[in-house]
Each structure stands twice: as C-alpha cells, then as structure tokens.
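Let's start with one chain on its own, the form predicted alone, as structure tokens.
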C-alpha cells in the first residue's frame, strides 16, 4: 500500500495517519516499516514505529509470525514487532500490518521565519514549544531555499534575506492559539532571533510555504550532490553544524553545502554540491574522503550516521561510527536466528562473516 493511500483512507474515515514525507505518493507502508520512516511531523507524532500495533511476518526460515494482533498493551515478553521495524528486510518479509490512526488536526497554520544565524534556531524553537504544541519544526538554509525558488514553482516567503529559515506548523482550533503564536513571534523579533516572517493566510499559501521545504530534494536533483542523513541530540545540533561548516571552510571551501532537515528531532540532511567546473569522478573520489570526516564528527556527538534512511549497502562500511562491536554482534545473532540461510536482503546493514 502506498503511504498516501493510507493517508487518504484515514481522511475519508475522519481520521489521520501522521507519518508524512516528500515521497508519500510513491513510498509503501511495508518499506516505511522496514526502515522506520520518520518525516516532517516526528516532533509531534514520532516515527513509523509509534504507529505499528502488530505485524504478520514471514521469516527467513519460512515461519509465519502473527505478532501482537493490533493490541495497544501486551506485556507478555519481548515486543518482537519492534525487531522487524527498521530491520530493512533482513529478518523477514512484512506481509500485513495493523496501523494506528489519529484524529485529524484542526485548522493547521504555518509560519516561515528568517533567522540571522544558526545559533538562534534553537532559542526560537524553545520559545514556541513552551507556548504552542507544534506539529512540525523544520529548517533549511538560504542555499537550499534558493534552489527551490530557482525552479520557479514558488517564490521566497518575504523580501528580507536570511541565512537560515525555519518552518513551524501548529494547530489553531481557537483564535487564542493564533494570538499566542503571534505574541511569541513578536518576542523573537524583539530579541533579535527573527529578522522577518510570514503566516499562512489560506490553504494554498500553507501548501506553498511547505513547498519551500518539501521541494528541496527535487530541486537538488539537477545538481551532482553527496547526501548525508544524520542526527545528533537536539542540544548538540548548533555545535555539530558549526564543526561541519568549519571543516568545509578549512578543507573544501569551493564546495557548497545545503542544509535542511527535521531540526525539531535532531535530524539533519547535509547535501554537498559539486563545484561546476569539477569533473564528477573527482568529486565522488573526494567525497569518499569527506564522508568519514563527517561521521567522525557524528560519533564525537554520539549521533547516528543514518537518521531515517537506513544503512543498506552505502552506509554499511561506516556502521561502527554509530554502533559498538557488541551491538553489531547482537544484531548478527538476531539475523542468524530469524534468517539462518541468509536469504533475507543479504549483505545489507552488516556482513555475517
């Protein structure tokens, strides 16, 4: 089932499936479960894992497991469904899932704010979260937004230029909530944390403001890039980004970096754009030296080399930056138990030998 189909079915029933991302029109629920997909509303609703109540799985040894039967509470031993969520198809094939749904959000509003530097992003988030129950808090830098604007589908949110932007989404079922949000906005302006901002005034404008964030990946497809999907604790994000920017300034000043991500949960997407005059093979060869340096900084802050896209083959050589030797050995043991013949997505995440 396509993710968007489940969202539509839920909406027709007056309900809501909140796991959402740019590929919801093509990604499938089974794949979402196998990678524990996150997306743009994790700050409020969490990852796919939070919405799976039960699974039917065919293991690598041919056994059919009916796990948890859709129950909310079940304290009878290990929660086996959570082993398969995020396993990238290495333990078994997910054939059926019980998914939890939510009430529909009421009167969503979107604010896009320009901020003068990254150090002000976190204070802005804290100020709003202290007063408003946010459904999303996304960020992107000026380079990423300009790529979207250059495609010609949407325009910049306001005339004032800013090096970084944040997008906040929240429910506003009562006028009081909207007034509260405007008061927080004014406080952030007074403190110099925000240089300008715009609030959606219609459903169409809300969708266009979201496109500033959601169209970034598509807009970057016209360029040769090296992508990294990484995460650190929210409290470490400013220092981590500063370390990355210093690294590029010192060693790869000609490379353009485009940052965007789900800053509300510490998930960052770092896109390094190939210089126009650099041959593609040379760029990719340099990236083979850059990636370990990035992952060293991820490890310095106790983060993850793959926040939501999985390990697969590409990140397999770097798994030890986020997982200890003991953890990998336990994962190998689990793999051996459920897939003794090694036929389930072989070679992904780690090697068995």
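Numbering follows the first chain given and starts at 1. Computed from a predicted model, the values in this text were never measured in an experiment.
The protein also exists as the form predicted together with a small molecule; that form is not presented, and the subsequent description refers to it.
Trainee: Taking 37, 92 and 309 as the candidate spot, are all three within 4.5 angstroms of the small molecule in the predicted complex by heavy atoms?
Mentor: Verified in the predicted complex; spot residues all in contact, yes.
Trainee: With the partner removed from view, which of 321 to 329, 287 to 295, 59 to 67, 301 to 309 is the stretch that lies within 4.5 Å of the small molecule in the predicted complex, judged by heavy atom distances?
Mentor: Residues of 301 to 309 come within 4.5 Å of the partner.
Trainee: Wondering, does residue 30 line up within 4.5 Å of the small molecule in the predicted complex on heavy atoms?
Mentor: Residue 30: yes, in contact with the small molecule in the predicted complex.
Trainee: Determine whether any heavy atom of residue 21 comes within 4.5 Å of a heavy atom of the small molecule in the predicted complex, and answer yes or no.
Mentor: Residue 21: yes, in contact with the small molecule in the predicted complex.
Trainee: So in the predicted complex, does residue 200 come within 4.5 Å of the small molecule, heavy atom to heavy atom?
Mentor: Outside the cut-off, so no.
Trainee: Answer for residue 141 alone: is it within 4.5 Å of the small molecule in the predicted complex, judged on heavy atom distances?
Mentor: No, residue 141 sits far enough from the small molecule in the predicted complex that none of its heavy atoms falls within 4.5 Å.
Trainee: Which of 217, 226, 104, 177 has a heavy atom within 4.5 Å of the small molecule in the predicted complex?
Mentor: Exactly one listed residue reaches within 4.5 Å, namely 217.
Trainee: Tell me, which of 88, 243, 256, 119 has a heavy atom within 4.5 angstroms of the small molecule in the predicted complex?
Mentor: Only one option qualifies, and that one is 88.
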